Ligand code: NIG
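Okay, here we've got a single chain as structure tokens, the form predicted alone, with questions on binding and movement later.
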Amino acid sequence: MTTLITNIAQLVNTREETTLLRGAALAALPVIEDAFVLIEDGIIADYGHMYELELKVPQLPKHIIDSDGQFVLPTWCDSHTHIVFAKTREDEFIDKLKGMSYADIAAKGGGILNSANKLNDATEDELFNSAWKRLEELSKLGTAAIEIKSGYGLTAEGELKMLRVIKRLKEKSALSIKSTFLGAHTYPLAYKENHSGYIDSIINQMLPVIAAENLADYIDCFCETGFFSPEEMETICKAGISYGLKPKLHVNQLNSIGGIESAIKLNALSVDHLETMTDVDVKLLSSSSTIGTLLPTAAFFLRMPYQPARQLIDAGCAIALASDYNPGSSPSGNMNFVIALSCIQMKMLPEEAINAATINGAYAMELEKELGSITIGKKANLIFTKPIPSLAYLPYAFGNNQIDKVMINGQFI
């Protein structure tokens, strides 16, 4: 099927070729005003100014959509989520409002262990059905590529159950989905005093099955004080790499303990969170090929200092934005709010935030050849805005949904 979209007010992030954006390049967002897009079988076949239409598309297709002055953008690429979970945790939210600390909540069985207990009681079908509803909601908010982590099983059975759910989502959904094994999310109670025993379980019980069933694309580890040390992370990730899993890592959320240095040594695709960065950490990241993925809604929900986006960008780091959608610290996958928060609280320019949530987000999932920009040969995954006066209005009017409709693989959802 061939579809022609005409009279686009601004066609955003048009690129003949793409590269991972870092530093000043992140603020360059190519836009074509009064534009068209030609789509063939779900793929972008051509685009340009309306005055070029007769030359570029001499024979108009039967299916023509007049966008009537809408802005059209590539869909969001959310490269860090935990959307497979059994139950929400609003009871802990109330506990936090009453002044309980994370340690207090964890001591009474809350936090990640709470989610693990609930997940291990849930069936695979229950987990699939709830995650499917979340995916449908997110797609209507403009997300068409998403990374999903395990990490709420903390047993071989539970982790494999999560990853099998993600594999089913991949097979059924029109969204582009990447799967990450996060068995090293925390230590289960049974291994609280036996860290080497749990790491052995990850390496010798979980990873061989994950590889045999092709259940994951990446491996992750929560490198943090009280969780996994940089040395433990390296041990786990090297085992994952031996099975073909690239590292995408939780580091520097609460403390700088050497996670950045270890992640770069592991050639990690991305390091995610980065609320706590030293000057040395920033310098190391800026001179590496590793992407720094910022998760501002987690900082927002936990009332933590935001990631130092301006320092990272000015130092020449490659930055992506993601939602960290999870039941404990970021119970929202709305990438529109992520972008607004990045501008309002982290002082990113709208152009920087959009690039970080599209093309750089695609790079953070190795989907840059398929998604993240308006480029011939990429999937026609597009956001159509409601009438807006400018691109900056998207983060400016943060409380309103400015999306009119979303197209995935050339079809409106």
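Nothing here was measured: the structure is a model prediction, and the numbers come from that model. So that there is no doubt, residue numbering starts at 1 and follows the sequence shown.
The discussion below concerns the form predicted together with this ligand, not included here.
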query	finding
Residue stretch of 209-217, 76-84, 163-171, 311-319 approaching this ligand in the predicted complex, non-hydrogen atom distance within 4.5 Å	76-84
This ligand: the contacting residue among Ile112, Leu266, Ile202, Leu245 in the predicted complex [heavy atom, 4.5 Å]	Ile112
Listed residue (Thr290, Ser176, Ser262, Gln253) with a non-hydrogen atom within 4.5 angstroms of this ligand in the predicted complex	Gln253
Triplet Phe222, Asn326 and Ser329 all within 4.5 Å of this ligand in the predicted complex via a heavy atom	yes
4.5 angstroms heavy atom contact with this ligand in the predicted complex for Phe181	no
Partner contact for Arg89 in the predicted complex: this ligand, 4.5 angstroms, heavy atom	yes
In the predicted complex: members of 184-212 within 4.5 Å of this ligand, any heavy atom	His185
